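The chain that follows stands alone, in the form predicted alone, written as structure tokens.
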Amino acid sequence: MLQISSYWREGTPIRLNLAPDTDLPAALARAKASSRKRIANELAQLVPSRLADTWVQQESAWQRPIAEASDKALAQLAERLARWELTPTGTEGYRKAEVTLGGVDTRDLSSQTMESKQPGLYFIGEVVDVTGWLGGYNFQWAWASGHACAQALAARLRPSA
């Protein structure tokens, strides 16, 4: 969710596949043919059990043993799990932000020195419009851009021989 928050636009729905590595229709059909368990118990093999329990409460057709469920009900269950759509009501805002988007356009900077087109004006770190995946990439960018800038400034201040 943190990663998607960098791209999500307010009012836009998000579609999630709650079992992305599973052929849900096939898994439910196999379970129907061989199990006496309730749908929630079978579903708990594919998604977290609390989610399975909560999910099946949406439809009375899902609150029974899987062998008694209609093929149509199981197909509907598989479709909804694979294409769950929700629209967030907002974000936590800058108070909770870990990374922000926007800033000085990289096209206006030297990638070697971080100097802008205005000589002597440098930009580094999160003030530059560079956003990496969460997990340390933004720290790495801040340190690397700071290092490049410091090297350029040091070279500029060194007396020429």
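Bear in mind the structure is a predicted one, so any value in this text is a computation, not a measurement. One rule holds for the numbers: they count along the sequence shown, beginning at 1.
What follows is about the form predicted in complex with a small molecule, which we do not show.
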Exercise. Quick one: does residue 135 come within 4.5 Å of the small molecule in the model of the complex, counting heavy atoms only?
Worked result: yes
Exercise. If you check in the model of the complex, is residue 61 within 4.5 Å of the small molecule, heavy atoms only?
Worked result: no
For this session: Mark residue 40 yes when one of its heavy atoms lies within 4.5 Å of a heavy atom of the small molecule in the model of the complex, and no otherwise.
Result: no
Exercise. Taking the shortest heavy atom distance, is residue 47 within 4.5 Å of the small molecule in the model of the complex?
Worked result: no
For this session: Name the stretch, out of 108-116, 124-132, 52-60, 32-40, where some heavy atom lies within 4.5 Å of the small molecule in the model of the complex.
Result: 124-132
Problem set entry | in the model of the complex, the one of 97, 26, 101, 67 near the small molecule [non-hydrogen atom within 4.5 angstroms] | 97
